[in-house]
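What follows is one chain in structure tokens, specifically the form predicted alone.
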Amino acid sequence: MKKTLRELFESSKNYSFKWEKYFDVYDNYFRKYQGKKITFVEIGVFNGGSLSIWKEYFGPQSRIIGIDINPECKKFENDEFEIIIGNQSDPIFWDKFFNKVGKVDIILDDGGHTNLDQVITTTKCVEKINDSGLLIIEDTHTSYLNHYNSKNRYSFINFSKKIIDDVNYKFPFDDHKKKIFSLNDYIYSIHFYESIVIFEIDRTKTKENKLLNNDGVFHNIKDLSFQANQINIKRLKSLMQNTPFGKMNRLIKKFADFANNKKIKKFFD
């Protein structure tokens, strides 16, 4: 029976450290790649311990590459994995890296953890990951630590929240405005865990969504989708009986929004 990642970690001859909750996440997402011919990249070599773990976990067909800014890490390179020295927050480094390596299947960022490191890595790597591949950013709790933050507004977590908006902008809104910067042609889904953000890459699934209809019987049921969200509409209408129809509807919507927002505001504090 094959060892789990945690078992491999605990029996490794080289020192490394990982947060305990990460292992279940790894196993859930990485299991399907075991025994496959994949290219796996880990940013952050440190003591070299985890690279041998990845090689044993994914199997002999896998190509394992470590990236680190510290030239001393090159000494850990052997027949099982490569080590490339470079700065993950430098876009030029990534251009050179992918020119040399080509597209990859999984990138695990356990590198510098600053806003700049994580955002530049994401923006430069996503389009170089094969379909059905993954970008995993670790230790995203650093978004809440001043030591790693250049500005809270530009934290990696806030950047990830923006990508949620970008993914949903694939919906064909009538007033759709193209985002100045977007990765929604590559990122199919996003998963958040404590201290981890995972991006699933699949260009075949990022096309514009389409509404499908079947040939079943249409019963002409009235759509009351918003009925439960409205405040006392009858009373408002009686108060505004001399108000033009269009203006009245806008005012009703405004009052309803105000009342509803007051109810849910506490959940956003």
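The first residue of the sequence shown is number 1, and the count goes up from there. As the structure is a computational prediction, the values presented were derived from the model and not from experiment.
Another form, the form predicted together with a small molecule, is not on view; read the next lines as being about it.
Residue heavy atoms within 4.5 Å of the small molecule in the model of the complex occur in exactly one stretch of 184-192, 108-116, 129-137, 156-164, and that stretch is 108-116. In the model of the complex, the small molecule lies farther than 4.5 Å from every heavy atom of Phe30. By the criterion of a heavy atom within 4.5 Å, Gln88 is counted among the residues contacting the small molecule in the model of the complex.
Under a 4.5 angstroms non-hydrogen atom cutoff, the small molecule in the model of the complex has Asn70 among its neighbouring residues. The small molecule in the model of the complex comes within 4.5 Å of no heavy atom belonging to Phe258.
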